[in-house]
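One chain comes next, on its own, written as structure tokens: the form predicted alone.
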């Protein structure tokens, strides 16, 4: 069978003619209609921006660069002086992150926040920064190589004794969650031994017996219990005028700290 019969030249030339015609019309429309670029952007828009970025709806170039897409330097242009993010302990790591699009997603509608924490993406960013660091010592480079080798051996393994996936396990949870540590450091820094990155709650956790008398082993009384407030309010509400601060079991139930024995739920703070 001849090649010309297999390859339909008429269709090829027809397609080329359509492309040329489209380009010509686009060029003509762009010069005759100053709003043409806006119309084209509207047609290509994948979805509405979030409420926070709604003012940029008709200004794609504020975030996007032709061919390259979203670049971090354009995000930084607006958010570089966001002190509430850069100075707060849980979010201060943003100062060293050179990319934004992995966790900040857009075009999902007005009601959706443009933030979705991706711990695996954060781990990958950290690995890349460590590997790309110009001033890294040979020792640091060796650590990166060892870490990547460990991940290649562990990513598909279920033998890791942690509730956090291996790729996320290499992150230091305390960097961001230190101020949320309700254990006051008593349980160490191995958050992954009990918690997951999907939720901090532990459904399978069972509190020790309500008759336990060593609550302070895990719990610290609030500041109000070390002030006059404890004698004037707390003891009276619980009906235990002689209770000491360390005798949590005399007033509290294990269902909730505000669930007071023989009183019920009582929130006075």
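Residue numbers count along the first chain shown, from 1. In this text, all values refer to a predicted model and were calculated from it rather than measured experimentally. So that the term is clear: the rigid core is the largest set of C-alpha atoms that superpose within 1.5 Å between two forms.
Although not depicted, the form predicted in complex with a small molecule is the subject of the following passage.
Review point. So in the predicted bound form, does any heavy atom of residue 133 sit within 4.5 Å of the small molecule?
Key: Heavy-atom contact with the small molecule at 4.5 Å: absent for residue 133.
Review point. Does at least one non-hydrogen atom of residue 147 fall within 4.5 angstroms of the small molecule in the predicted bound form?
Key: No, residue 147 is distant from the partner.
Practice item. Find out whether any non-hydrogen atom of residue 181 is located within 4.5 angstroms of the small molecule in the predicted bound form, and reply yes or no. Key: Yes, residue 181 is a contact residue.
Point to revise | in the predicted bound form, residue 83 touching the small molecule (heavy atom, 4.5 Å) | key: It does not: once the small molecule is placed as it appears in the predicted bound form, residue 83 has no heavy atom within 4.5 Å of it.
Practice item. Superpose the two forms on their rigid core, then report whether the C-alpha of residue 69 is displaced by 2 angstroms or more between this form and the one not shown. Key: Shift of 2 Å or more: no.
**Study point:** residue 237 C-alpha moves between this form and the one not shown by 2 Å or more, core aligned
**Key:** Superposed on the core, residue 237 moves its C-alpha 2 Å or more between this form and the one not shown.
Exercise for review: Could you check whether the CA atom of residue 224 moves 2 Å or more between this form and the one not shown, using the rigid core for the fit?
Suggested key: Passes the 2 Å threshold, so yes.
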